[in-house]
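In the structure tokens that follow, a single protein chain appears in two forms: structure 1, then structure 2.
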Structure 1
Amino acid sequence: MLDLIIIGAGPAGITAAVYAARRNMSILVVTKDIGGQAAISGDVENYTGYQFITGPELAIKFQAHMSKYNIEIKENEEIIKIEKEGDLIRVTSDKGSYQAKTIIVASGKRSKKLNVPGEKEFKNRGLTYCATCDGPLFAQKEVAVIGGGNSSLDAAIQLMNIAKKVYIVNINSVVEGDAIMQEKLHGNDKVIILNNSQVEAVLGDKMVNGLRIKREGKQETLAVQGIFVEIGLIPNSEFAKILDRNEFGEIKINFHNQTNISGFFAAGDVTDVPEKQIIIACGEGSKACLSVFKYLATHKI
């Protein structure tokens, strides 16, 4: 019988696992991948202790830290449901079923889809959701980044050093990302910002060769070979229907990372914590684990 099951191995899940291992808990980490959003982030300049590090480099350090402990990890598993069975908790994935006294849901978020013609057909054939992963494939090509927030600006900053031209296609009237990120793009003649622009379709033959947009009421076609979708994230919480969630699908927690059900805790971007940052996710993971430890010490299960 396990003390704790952790769902997810992003910054929150990995931190929780390290804390649990140091407390000598019996734990299992069940995850789709390792690193979460950190593994596909670009430059990270606000993580304490590192003036500069890339997301993938930081994710590797997280994983290396976790690997120093005897932590059992079930990778490449999709969680189907979590449920309460008396005093215990059962987690069911597409590959197995596991039981524990407590659980921390740290399943993070995933990229939103455009839901336009051609998106599904050209995924990984010129259309991608990760500039960090796939940017180098588009050297000296014309590309479009969809979105107007920090994630789209981060992608554009990476791509302006790789691509021939970078269009930022923004549905809003102004770009809303951090000022320091906007400054990095300002004055770069490779970057063209198209505000008030709605994506209508992804075009191509075997690979992407264009993007149809409607800009200020007029239809245009951008002759691009790459499209990077950066329009926000959706919480991976569909399996957690028994937990209270807000209108965005984020799991509701209190200051102790407790949910509405005893023994169920949550941490990181999947929760309703206001800011979604790597360092905050790590802090929330540690808090959740400390709350679990206190729960196990004060409840007879």
Structure 2
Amino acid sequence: MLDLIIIGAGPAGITAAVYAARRNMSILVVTKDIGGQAAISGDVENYTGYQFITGPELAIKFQAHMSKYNIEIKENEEIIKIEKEGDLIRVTSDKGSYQAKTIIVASGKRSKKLNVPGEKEFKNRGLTYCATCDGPLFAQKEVAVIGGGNSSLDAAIQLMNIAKKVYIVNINSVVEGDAIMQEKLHGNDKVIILNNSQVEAVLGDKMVNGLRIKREGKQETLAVQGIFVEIGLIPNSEFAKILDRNEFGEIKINFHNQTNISGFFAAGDVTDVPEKQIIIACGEGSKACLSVFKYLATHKI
């Protein structure tokens, strides 16, 4: 019987796996991808020991660290359900079913969707959730960035050097991102901020050719070829319905990364821990694993 199943292989999951391997626990990692959000982050300048490293580079280092140990990893699996089965834990994915004594949920967060007509059809056809990745393809084109927070401003800053015109479509009456980022945008005549604007539909033929919005109650169409969705993140916790979650869907944990159910632990961005940072997720992953270790030592399963 496995000691531990770890869901997710971002900073929290990988760190938990490394700690578990070093304690000779028998573990399995079940995950959709490796690296999590760290892999799609831009520049990282606050991870101690690295004055500067890019997200992908750091993610590759994490992965290399994990692969030093003989850890079984099931990649490309979507978790459907976790449940209690007697004293054990059952994890069901779209590809298999696994059992262990304990679990650490470290499934992170993902980009929020717009949920408007056209979004699905035009994904990768002009609509993208990764400005860092796809931005360069929109050279000299007109684009819209949806959102008014830091990630949206970050995308707009990247794009203003590439695109011909950048609309920032913000649902609120003011843009909320950091002052330092707003400063970078101000005075750039390529950037147009549209406040009080709700996205209604993504338009296009084969590729995106427009965005329909309602601005201050009036419908308008922006003739854009690119749409960058940056409206925040939601936790990947739908499969963890048996666990207590807060109003945002984050799994509630205590100092020891324990959830409300015995044997179920959680770590990183999927939890209600304050502040979502790579370094915090790593710390939380290690803390969760050490809690599991103590739990196994004191519970006969």
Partner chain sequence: MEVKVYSTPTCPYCTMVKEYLSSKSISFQGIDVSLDKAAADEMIKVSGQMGVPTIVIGSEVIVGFDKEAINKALNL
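Throughout, rigid core stands for the largest set of C-alpha atoms superposing within 1.5 Å between the two forms. All residue numbers here refer to structure 1's sequence, counted from 1. It should be emphasised that the depicted structure is a prediction, and the values quoted were computed from it without experimental measurement.
- Of the two forms shown, the form predicted in complex with its partner chain is structure 2.
- The Cα shift for Asp189 between structure 1 and structure 2, taken after rigid core superposition, is 2 angstroms or larger.
- A movement of the C-alpha atom of Lys141 reaching 2 angstroms or beyond is seen between structure 1 and structure 2 when the two forms are aligned on their rigid core.
- Relative to the larger rigid part, the smaller one is rotated between structure 1 and structure 2 by 13°, as taken from C-alpha superpositions.
- Relative to the superposed rigid core, Gly226 shifts its CA by 2.7 Å between structure 1 and structure 2.
- On a core-based overlay, Gly217 has a Cα shift of 5.7 Å between structure 1 and structure 2.
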